[in-house]
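Presented below, as structure tokens, is a lone chain in the form predicted on its own.
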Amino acid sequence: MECVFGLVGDGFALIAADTSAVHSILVHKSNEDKVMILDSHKLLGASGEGGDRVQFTEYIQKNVHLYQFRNGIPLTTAATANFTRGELAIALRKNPYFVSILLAGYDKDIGPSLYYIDYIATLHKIEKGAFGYGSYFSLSMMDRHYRSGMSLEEAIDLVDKCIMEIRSRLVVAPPNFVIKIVDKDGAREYGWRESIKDAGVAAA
């Protein structure tokens, strides 16, 4: 019952995601971070099959770093989105990845941006978006409350509304969420919204 959603505000973009690692009817952990910091000014939130998600996002991260090492300049957010889309399109015809992505970034001359890339390599630049079962509720909340140029406080309030709606309406709702933002000061973790924590296993 995954959920990844994001939006663009006034001078920043943010991505929020559930932190549950599940398989079938089992919850393996509830602190799995599904929002990767790609580089200093980019975030990548992913939803999909666990192995594909980890493998593909790490592959993108290392290639973004490799480009910067080779050329001395980082990829722009748009270039990273197009590279990611290209790799998904190539894999689609060989060994597809079942992973959908929200890519947020901040570029000095452009500002914040958010890109939607699904598992069949569809790419769109968007203001707000979501993946997973929770998207049924988070998208409706954002349609109602989102507006262009929101402040960080307003955006976080909207994220909290989306999380509360998911928790109250989704039959098997993920308990914990992580929120990360990217702006002119870089990409960083903003906070967690936790209703349960992983219990430590006592040593035998």
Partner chain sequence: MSIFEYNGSALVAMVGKNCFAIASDRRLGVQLQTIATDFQRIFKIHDKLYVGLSGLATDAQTLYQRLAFRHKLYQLREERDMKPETFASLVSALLYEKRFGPYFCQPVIAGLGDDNVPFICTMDCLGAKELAKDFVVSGTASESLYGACESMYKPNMEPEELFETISQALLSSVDRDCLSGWGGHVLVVTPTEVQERTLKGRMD
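Worth saying up front: this structure is predicted, and the values here are computed from it rather than measured. Positions refer to the first chain, counted from 1.
This next part talks about the form predicted in complex with the partner chain, which is not shown.
- Within 4.5 Å of some heavy atom of the partner chain in the predicted bound form lies at least one heavy atom of D118.
- Taking the partner from the other structure, the partner chain in the predicted bound form has a heavy atom within 4.5 Å of a heavy atom of L123.
- The partner chain in the predicted bound form comes within 4.5 Å of no heavy atom belonging to N176.
- Under a 4.5 angstroms non-hydrogen atom cutoff, the partner chain in the predicted bound form has L139 among its neighbouring residues.
- Candidate site formed by A89, R93 and S135: every one of these residues places a non-hydrogen atom within 4.5 angstroms of the partner chain in the predicted bound form.
- Contacts between 51 to 89 and the partner chain, taken as any heavy atom within 4.5 Å in the predicted bound form, involve N82, R85, A89.
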